[in-house]
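Two forms of a single protein chain come next, each set out by itself as structure tokens; they are called structure 1 and structure 2.
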Structure 1
Amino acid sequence: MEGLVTQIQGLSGTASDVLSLQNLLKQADDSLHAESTRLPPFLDQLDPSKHSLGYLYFLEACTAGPVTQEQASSFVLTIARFISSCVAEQIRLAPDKFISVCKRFKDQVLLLEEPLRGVAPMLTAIRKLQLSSEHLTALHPEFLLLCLLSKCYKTALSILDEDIFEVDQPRDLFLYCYYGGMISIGQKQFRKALELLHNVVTAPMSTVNAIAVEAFKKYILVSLIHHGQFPTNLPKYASSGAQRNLKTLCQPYVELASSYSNGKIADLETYVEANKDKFESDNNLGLVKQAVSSMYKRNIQRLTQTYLTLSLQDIANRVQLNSPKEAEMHVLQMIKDGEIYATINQKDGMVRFLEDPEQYKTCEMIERIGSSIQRLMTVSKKLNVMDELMSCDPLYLAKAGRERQRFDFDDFDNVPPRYNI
């Protein structure tokens, strides 16, 4: 053990030294695990900011076994300090070990019932592990989980704002998008929530998984809140398993959506009351209630399509509110949130509906359109690269070659008639 420590101290200087050190460490891994109880004192002889790789191996072996309550608190602190001082290049040589250590860190933080302790270190860990901000690691969902449990929704948004183009493991993506959806819902960013939940339900999956089912339930509710409707069918690019099974597995929610589309608040409220227990056991009751109250908004918005002016009393009657004052408050809130363009005339008790005043001529609007175009161009370039890579992929070419007879000659004139691997 002491010999190994000396080697770590000696070989952590240059990049080539570190590579030879890695080989030594890989060979010593089994014995490290065998002696895990003896290791903690050796950690003190190593400096995590210089000997990051060696420290990581020792730390991973130390934490591999069961951890007692007393040890948990000191381990949590040790790992947190390691994460903040370690060198990214060194730990990227052993990503699996780093991920294991961080996951155990999360487990112990939850054991201590202090998820807040893990938020900042996990964010640092992600930044050090990631090869770029477009890279989704196994730590991303752990970070979001800690944010959810400690109620640090705002901190989570900084990660959610980054676009992801590379994923290590499909399961990470499912969990990341599901938790991300929940955080966006908490911050009332329904458009973002819809995007993330959409990714979960349309992701490729050979069999429907539990995460997709829960995501689908929230997806229906957020669709109702944000768009006022729910598309009856999933898009064609969703997996066939999802298209066939998700709706049957989420029956109460699908029925809620069809009751919503009838536009009658009283019927909707009756349905919710009758099925309250199911929604509550799914932890979705709050979201269901938000969907119900969004119906008032939807119904008021529909009025703007038919009327130029309407009295507050009329609005109250049509939308089934109790008084003109309530109608006034609803309209005021919608104007504040930018969901409607209107002015209220208290003297006559009328509301006048207006056109969107945006003329798309201002510098600010040009900046917005400009940055959207830039983003589209970036995505387009990435798609071209992916397309080229995929056209060389043997699996794809084999399938394309096999299905050749079903398509026009022109579609596949680059594929030789018989393609054998």
Structure 2
Amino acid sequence: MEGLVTQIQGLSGTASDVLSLQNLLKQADDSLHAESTRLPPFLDQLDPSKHSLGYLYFLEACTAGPVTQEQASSFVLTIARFISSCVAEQIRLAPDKFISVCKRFKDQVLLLEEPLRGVAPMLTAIRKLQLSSEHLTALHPEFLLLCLLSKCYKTALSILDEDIFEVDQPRDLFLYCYYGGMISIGQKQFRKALELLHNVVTAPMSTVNAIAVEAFKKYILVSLIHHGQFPTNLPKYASSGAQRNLKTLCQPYVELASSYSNGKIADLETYVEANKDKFESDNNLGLVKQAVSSMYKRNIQRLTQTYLTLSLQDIANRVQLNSPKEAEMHVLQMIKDGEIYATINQKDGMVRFLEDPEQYKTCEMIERIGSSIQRLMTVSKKLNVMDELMSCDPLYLAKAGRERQRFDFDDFDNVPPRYNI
């Protein structure tokens, strides 16, 4: 081990030396794991900011075995310091090792019941592993899980706001979108949550997986909260397995959506109470209650399409609220959230519904529209490039050829008749 440490110290200077060191470390990997209990003292002889690749191999071997809570406390500090100071170009030569170390780091902070300690180091690890912000790494789901468990939602938004075009493993995409959807729900960003959960349930899958099933349950509930309805069928581009099986596997939630569409709050509350244990065991009871509460909002929004003015008492009666005061609280909250435009006359308890005051001609609005158009143009160009690359990919063409019908008559020109009749 002493000789290997010396070689690490001597071959960490130039890019060519680091490549030579990489070959040596690959050959020594089995020996490192066999001697894992002897390795911690050697870490003190290496500088993670200079000998990043060698340090990574030693650290990965050190943490490969079972770790006690006392050891976890020590390793968390060591790994956090390594992530902070390591050289990105060196650790990218052994991405699997780096990912393994970071995943064990996540496991150890969870063992210590301190997920918040892992958030900042894991974000740093993602940035060092990524070749670009469009690359989804295996560490993205781990980072989002730590943000979710520590309720550090705002930190996660910096990652969720980035457009992803490169994915290494399908499971990483499923978990990234599922955890991201849950974080967006926690931030009350229901449109973003719907987008992420939609990606899970419509992603290509040969068989329906547990992540898609759980995502579909939340997808139904968030659809009710945000849109006030749930589409009966998944889009055509969803996998056949998802279209056949998801509704069956999430039957209580499909029935909840059906009850919601009737617009009768009493029937919906009765159904929720009858299935409370099921929703609670799925950890979705809070979201179900938000869906029930949103029905009041939907019913109030329907009133704005019919009436110009209504008393708070009339609103309470029509929406099935207990009192005018409760109706006032709902209307005020909806005005604050921009869901309706109205004024309340406190003297006579009358509500006047107004049109949307936005004229869409202010400088700020024009700038927002321009920014959205620019982003759409960028995404469109990216998709065109990806489409061209896929259409030339030998693996894709071979698979498409195998699945195609043996004869496709559209590929042949019409043969003129030999004789005119």
Partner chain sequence: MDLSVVNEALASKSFDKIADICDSLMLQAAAEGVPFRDQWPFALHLLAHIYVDDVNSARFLWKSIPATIKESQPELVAAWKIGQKLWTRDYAGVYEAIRGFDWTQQTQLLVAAFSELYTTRMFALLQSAYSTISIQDAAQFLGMNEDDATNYVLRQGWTVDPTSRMLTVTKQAIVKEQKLDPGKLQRLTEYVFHLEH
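Note that the structure is predicted; figures quoted are calculated from it, not measured. Start at 1 and count along the sequence of structure 1; that gives the residue numbers used here. Think of the rigid core as the biggest set of C-alphas that the two forms share within 1.5 Å after superposition.
Taken from the form predicted alone is structure 2; the remaining one is not.
P394 is among the residues whose C-alpha shifts by 2 Å or more between the two structures once the rigid core is aligned.
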